[in-house]
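The chain that follows stands alone, in the form predicted alone, written as structure tokens.
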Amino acid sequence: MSTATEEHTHSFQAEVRQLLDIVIHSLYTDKEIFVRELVSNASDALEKMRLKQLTEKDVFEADRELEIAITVDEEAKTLTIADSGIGMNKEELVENLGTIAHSGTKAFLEKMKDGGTDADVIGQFGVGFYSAFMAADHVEVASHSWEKDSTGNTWSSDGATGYSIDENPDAQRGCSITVHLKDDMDEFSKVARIKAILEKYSNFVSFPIKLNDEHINKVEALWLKNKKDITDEQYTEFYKFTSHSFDDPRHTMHFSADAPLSIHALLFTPTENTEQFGMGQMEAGVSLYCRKVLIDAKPEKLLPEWLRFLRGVIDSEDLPLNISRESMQDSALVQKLNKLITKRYLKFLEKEAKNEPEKFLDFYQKFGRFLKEGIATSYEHQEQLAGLLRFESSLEDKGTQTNFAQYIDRAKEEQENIYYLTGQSRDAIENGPYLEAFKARGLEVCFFTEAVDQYVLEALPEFKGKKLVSADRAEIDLEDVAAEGKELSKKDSKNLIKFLEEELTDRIGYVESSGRLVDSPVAALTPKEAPNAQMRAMMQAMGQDMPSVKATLEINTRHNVIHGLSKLIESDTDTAKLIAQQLTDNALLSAGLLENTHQMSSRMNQLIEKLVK
């Protein structure tokens, strides 16, 4: 500090003392934040100076380079952050650092009294400046205004008793803030510690930041540049730098918007989904910035949970932040950002799926489960997400993927439903009893084979006005079609149904003659209100109690097995009962509702024994 030629001692206004007490003792949760605040203020001062150079001719030290110079002295326990920005004259030092006139202090304190802290203070030299006293015994600010006829001054304070202002003829343009550290804060006088803080929060500040003459912020804020001026190699390098990854990005989405919010976003889809490798749930990887200053590396609710695989940066000048910039206060704004970015990304995927279908299918194989998670948890995005689902179907060759939009284009004009079946594999679905009725009527059925699919489809009631209906449900009403074979007489059908209902009363809800079955003798249909096979398997895996389910047993009265069973009722009742139970076992097994396979094996052995006698 230069020798004072004139000294003026002042007391802090009461509001400033109150603010200092809040900042030092309770507002900031992490002491290192003060470095970010001071660097951010320095950057704002430099930006104002750059504008002055465009409009003013007489500028003090006009040739001085616009930069931030940071010096640490471990022996002296000091940290100095100097900028060559717009600077302050004596009156501005008083106004900005000692009173409430321009610092935002009064507005902030009023918010605090009302239970809120959402004053937008980014760029206001004053409130953020006070955070230095968390780590400082006292602070000195040497400053000279950009105006040539101004004089230099040094503002000095211990943050408690008041402040003094001394004339300083050696002060350079801008502000040089020297933080004299408390004994227990000497970590901030170490080069490595300050470098880590700068790389964490201030990597993308527009002006050079030099720490003990080492240039720190060499990475450009690509999200603010024109896409035409950025190469693929630059995008890849930026992705690796911001996400700490070694792979190349699969997708790059770079956009800016002025309405309804001012946003600059640069988002990447990784090549691999690490969750597939059993590495645990991925953490959110999109950082939030405001004018190139990091606000939150992992902001909550900025994006929905199911987009946690995305990496990159979102920068918005419209963010109302609390005094420490550690959380966003306006939840409505967070929701707007969430919706806007999510919709943009889904539109990006829609375009990708249309223009590069093979590339999209590769993405879907790796990240499709995230989209399915979104369907189950984000109602407002369901239709967009559902349009991105890919699956096989009964009208497509094995291995060929289709989607709901194509299904609707192929559907019959009067068809109101989208039919689907879930199972362990396509072969398992095609060999089951449920598909044949739809194939016989020329109705396409979607095949879903992942364990999570049933849960997802239960959460998705419709798509483009078409209801999604599981093809194994009892309530489906299908039109009659011509079928081979002679039906049982009404009398024989009635007797058989009565026999089966009496014999199977503990296992089946009711029995009815089916018009849907073609090749199978029987089928067990799940009631609408009951979970189907895959849902029950998921519930069982999660340790949930299994609800008791009594399926509807449909019989194909044209099938030879049913004809034979009808005759056995009169001629060999015991064998008829065994066959009835075995057919029911087969049907329940196909429906995923058979819980006791031991009894099935026992009955099968009894039938074999009868045949080999």
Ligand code: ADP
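From 1 onward, residues are counted along the sequence shown. The structure presented is a predicted model; accordingly, all values stated were derived computationally and were not measured.
In what follows, reference is made to the form predicted in complex with the named molecule, a form of this protein that is not presented.
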Checklist entry - Quick one: which of 56-64, 581-589, 555-563, 42-50 gets within 4.5 Å of the named molecule in the predicted bound form, going by heavy atoms? => result 42-50
Checklist outcome for this item: Assert contact residue (the named molecule, in the predicted bound form, non-hydrogen atom within 4.5 Å, options Ser202, Thr242, Asn96, Thr422) equals Asn96
Checklist entry - Considering Ile314, Met88, Leu457, Leu337, which brings a non-hydrogen atom within 4.5 Å of the named molecule in the predicted bound form? => result Met88
Next on the checklist: Although the partner isn't part of this model, could you tell me whether Val522 comes within 4.5 Å of the named molecule in the predicted bound form, counting any heavy atom of the residue?
Outcome noted: no
Checklist entry - Is there a heavy atom of Gly128 lying 4.5 Å or less from a heavy atom of the named molecule in the predicted bound form? => result yes
Item to check | 4.5 angstroms heavy atom contact with the named molecule in the predicted bound form for Cys175 | outcome: yes
Checklist outcome for this item: Per the comparison in the predicted bound form, the Ile86 and Ser262 C-alpha atoms (change 3 Å or more) are positioned farther
Checklist outcome for this item: Shown form as baseline, in the predicted bound form, CA Glu47-Leu288 shift of 3 Å or more puts them closer
